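Shown below, as structure tokens, is a lone chain in the form predicted on its own; questions about how it binds or moves come after it.
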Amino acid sequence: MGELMKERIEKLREAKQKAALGGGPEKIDKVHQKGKLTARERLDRLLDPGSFTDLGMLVGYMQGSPGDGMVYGYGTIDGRPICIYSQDATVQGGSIGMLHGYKMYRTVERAMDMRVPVIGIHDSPGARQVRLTGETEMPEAMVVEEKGGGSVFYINTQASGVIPQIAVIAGACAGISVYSPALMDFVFMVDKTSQMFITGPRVVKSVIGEDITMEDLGGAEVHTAISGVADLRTETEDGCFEKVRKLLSYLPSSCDELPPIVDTGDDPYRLIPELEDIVPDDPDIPYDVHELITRLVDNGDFFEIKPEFAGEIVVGFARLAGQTVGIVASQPSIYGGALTVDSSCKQARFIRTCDCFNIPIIVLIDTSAYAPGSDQEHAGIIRHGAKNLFALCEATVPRIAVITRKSYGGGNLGLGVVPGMATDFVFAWPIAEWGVMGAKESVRLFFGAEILKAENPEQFLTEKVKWYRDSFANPLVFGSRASIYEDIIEPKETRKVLARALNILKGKKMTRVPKKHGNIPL
């Protein structure tokens, strides 16, 4: 080895060791004092050990800004390649300058080119603020880069539906650092550590006089339970990374692939007798649909998405016969499983995500239709409900529905069990009721006068409801006169029926009408 080579290698090693410390030991200590991990520690916890390849490590090094506040590159999760970036709050606060923004953009662009998932770990106040010096030459940080932070939304949008995009909010984020995650497929937050807002508390205070904390303005609870921006929150960063890894196990690397098949060891055709006891006969008695879901899917393993938001609909990923499926289920314990403004958006988003990534959808239906009332009408239930209808009708992946107890009125539309809405199979349990309204409501409508005149109105109503259910709401009777159901099945056979239906639908092919794109009602 020549002397020059030896000298340069030593300097290179020294530079990389120093760059790996970001803003230096003191700033790293401050991050730890807040109970947070550094950008590189986060990569170490999330990725397979030793799999990370660091790119652009020395960018900004000579200017005293190692990596320009961004660590990026590629690695593996469970052996599968992914592209990833992690914002470094120890360097210029993690603010997004020109080179920092380029790294964000390039990570997504490379992931799309390689057809692998992309993960962004966000801990940034947004765009870097620059003090103008009055000099003629524009400061470097203000130079506009075509592929940068300001245009990362473009590449996020181009990658949408092509590769899975996952955002982890790991600190207080604003501006650019919240809009890019908002364009991604999934957003994770850490409780009491993560915040997202367009304008922070100081600006809010100065502009409108509202005094509010970062947590109350845009904390993890706000965005998982109220705004619906985030999909999951965890107590710790490590817990968050575990959830990200698990989510990826359900997803393909891109839209060009099918999701991974996993040998779960669970008999796809096993019978489940206890299902008959979970769902009460009376459609007005609530129950928790999670009890149904966990018994139907492989090993009871259900990865719920947005569990704190719009709980009247439950969505998430599971496996059935080792195959990834998307579950959409009415939740009778909340609003009787009625469809609302928020649940319509939640359901539509999840259906479109499944359709992007070739994931079959299983719909479990026990709904009292769309929620009535001026609050829902004024909030735009027509517009938001139409999003859901659009998503259902646009989807081309296999879709199987099971009416477990009731499916009334607009609920038949909103959950896709009206003939012609391209649901591949619709099955019903023996107690299923399908119609414009429930048995009690129908009897009150048609026999209102007779009920008032009856000697014993309650007894008369009970008898008429039984008669109506036996004559009209009975799937044996209804199914013989209409082509709503493919079959009426015993509850214990549901898993077996679903597994067989999924198997026959593996070869399903649908071609959309050629067009630029649909105009979903937003």
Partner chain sequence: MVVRSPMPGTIISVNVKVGDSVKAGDVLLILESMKIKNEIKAPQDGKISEVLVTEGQYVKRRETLVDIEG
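Since this is a predicted model, take the numbers as computed values, not measurements. Positions refer to the first chain, counted from 1.
Quick note: we don't show the form predicted in complex with its partner chain, though the next part is all about it.
Remark: none of the three candidate residues (R40, G75 and D238) comes within 4.5 Å of its partner chain in the predicted bound form, counting heavy atoms only.
Checking V204, V162, I226, M214 for any heavy atom within 4.5 Å of its partner chain in the predicted bound form turns up a single hit: I226.
When you look in the predicted bound form, the only residue of I359, V244, I334, I293 with a non-hydrogen atom within 4.5 Å of its partner chain is I334. Looking at E276, you'd find every heavy atom of it more than 4.5 angstroms from its partner chain in the predicted bound form.
Its partner chain is not shown here, but in the predicted bound form it comes within 4.5 Å of a heavy atom of A338.
Residue contact check for K406: one or more of its heavy atoms lie within 4.5 Å of its partner chain in the predicted bound form. The closest non-hydrogen atom of D191 lies beyond 4.5 Å of its partner chain in the predicted bound form.
Across the options 392-400, 283-291, 103-111, 204-212, residues that bring heavy atoms within 4.5 Å of its partner chain in the predicted bound form belong to 283-291.
In the predicted bound form, its partner chain lies within 4.5 angstroms of at least one heavy atom of each of the following residues of 309-332: A310, G311, E312, P332, in sequence order.
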